[in-house]
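A lone chain, given as C-alpha cells: the form predicted alone.
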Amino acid sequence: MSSQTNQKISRRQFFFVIIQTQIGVGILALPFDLHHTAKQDGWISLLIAGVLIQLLLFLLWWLAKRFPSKDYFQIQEYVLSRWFGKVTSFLYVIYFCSVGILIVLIYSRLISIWVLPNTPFWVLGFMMVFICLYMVCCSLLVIARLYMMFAALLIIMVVFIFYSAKDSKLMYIFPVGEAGWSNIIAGIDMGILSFLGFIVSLVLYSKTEGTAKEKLVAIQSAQAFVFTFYLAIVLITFTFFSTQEMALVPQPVLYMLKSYEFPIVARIDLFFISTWIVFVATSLSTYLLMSSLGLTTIFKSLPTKWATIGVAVTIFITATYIGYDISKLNNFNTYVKKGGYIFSIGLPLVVLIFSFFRKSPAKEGASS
C-alpha cells in the first residue's frame, strides 16, 4: 500500500470525491423518508437543508483555511491539545466505522430484497467490503482518479430518472405548504442527514491542491451538485406517485423505474441498482479511507495497510452480526444519525470556536 501522507489531489478530483462520498445508499430511500415526515412538502425541507449545509460548509472551510497544512485529525490535536485531540480523533474513527457498517447493512438488505433473496448476508457484505478494501489499498491519487471515472455512471442514473419525469403530474405537490411548517421543519432533519458525507471535505482539505478560495469553490460546487441531484430525484418521485402511493413505497426510485422497460433493458430498476452499487462502494471506500487516516494519525507507528485492514474487518464482523435483523438495523441507524450531528456538525464547530484562541502555525512561527 502506498503512503498517502504527502500526496495531493487536484481540485477537480476533490470535487468528485465529495460527490462520490455523499451519493450512496441514501438516494433510494430519501424521497420516502422526506415524505414520511413532511408529506408532499418534503422538497421544501430538502431545499432549506441544502442552504443550511452550504452555510455550514463555509464554516468548515474557515476552520481548514486557518490550518492549511494540517488534516482535520491534526487540527484537533493542535487546537484541543494532543491527548484530548487523540481521544476525539479515535471517536471519529468509531463514527466513520459506524457509518461504514450502516452502508453495508442498508446495501445488503436492499440487494437481498430486490435481487438475491436467498443469498446469506455475509456473502453480500464480504463482497462489498473486500472491493472497497481493494480500492483503498491504492494511493489517494489513484482513488480520486477512480472516483472521477465512476462519476460517468451518474449520467446513466440521471437519464433514467429524468426519463421517468415524462409521466409526472405536477398537481401531486400541490397545495404547497399543506403539511404545515412544523412538519416541514421536522423534515429538514432528514434532508441534513442525507448530506452528512460532506465531512470528507474537511478531512481531505489539506491533501488538495489550490488556494483556499479555489478549494471553497470546489467544496460548495460539489455540494450544489449533490443538492440539485437529490432535489431532482425528490421532485420527480413526488410528482410520479400521489401522496397516498408514496406512503406505500419505501424505495420510490426503484418502484418508479420498474414500471418502464426498453427493448434492450427489460428491468430498468435492476440496471439502476447495478449502477447504484458503484456509488455505494465509493461512499464506503471513503469512510474506510478516513477511518484509516484517523488511526494512523493517532498511532504514528501503525502502518496504513494494517489500519485499513483492521477497519475493514471491524465493519464486516459488526455488520454480519446485525445482519438482516430489521430491529437491530433501525436501532443502529438511530445512533449513527445522532452521531452524524455530533461529528459532522457539532464537534467541527467546537473546534472552530476553540481555534480562535490558538494562533495558526504560520503566525506562531513568525512570532517566535
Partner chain sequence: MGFFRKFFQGEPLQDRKIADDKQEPKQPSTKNLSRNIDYLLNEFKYTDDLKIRVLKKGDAALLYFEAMTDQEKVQQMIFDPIEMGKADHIYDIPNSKETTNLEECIRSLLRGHAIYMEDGHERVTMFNVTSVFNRSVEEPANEKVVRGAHDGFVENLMININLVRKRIEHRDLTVKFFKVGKKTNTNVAIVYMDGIANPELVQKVKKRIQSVHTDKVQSPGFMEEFMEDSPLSPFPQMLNSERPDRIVASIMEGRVAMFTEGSPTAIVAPSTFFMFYQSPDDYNTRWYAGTFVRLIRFASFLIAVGLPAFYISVVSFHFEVIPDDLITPIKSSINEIAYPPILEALVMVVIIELIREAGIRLPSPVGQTIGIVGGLVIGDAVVRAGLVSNIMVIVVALTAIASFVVPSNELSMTLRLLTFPLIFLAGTLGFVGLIFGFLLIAVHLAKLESFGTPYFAPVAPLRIKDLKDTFVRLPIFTMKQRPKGAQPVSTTAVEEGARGWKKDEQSNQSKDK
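Positions refer to the first chain, counted from 1. Just so we're clear, the structure is a prediction, and the values are computed from it rather than from any experiment.
The following text describes the form predicted in complex with the partner chain, which does not appear among the structures shown.
- The shortest heavy atom separation between residue 271 and the partner chain in the model of the complex is within 4.5 Å.
- The closest non-hydrogen atom of residue 156 lies beyond 4.5 Å of the partner chain in the model of the complex.
- By the criterion of a heavy atom within 4.5 Å, residue 149 is counted among the residues contacting the partner chain in the model of the complex.
- The shortest heavy atom separation between residue 261 and the partner chain in the model of the complex is within 4.5 Å.
- None of 244 to 252, 271 to 279, 192 to 200, 94 to 102 except one has non-hydrogen atoms within 4.5 angstroms of the partner chain in the model of the complex; the exception is 271 to 279.
- Proximity to the partner chain in the model of the complex, defined as a heavy atom within 4.5 Å, singles out one entry of 224, 113, 266, 176, which is 266.
- Taking 235, 106, 138, 186 one by one, only a single residue has any non-hydrogen atom within 4.5 Å of the partner chain in the model of the complex, and it is 138.
- Three-residue candidate spot 12, 123 and 130; every residue lies within 4.5 angstroms of the partner chain in the model of the complex by at least one non-hydrogen atom.
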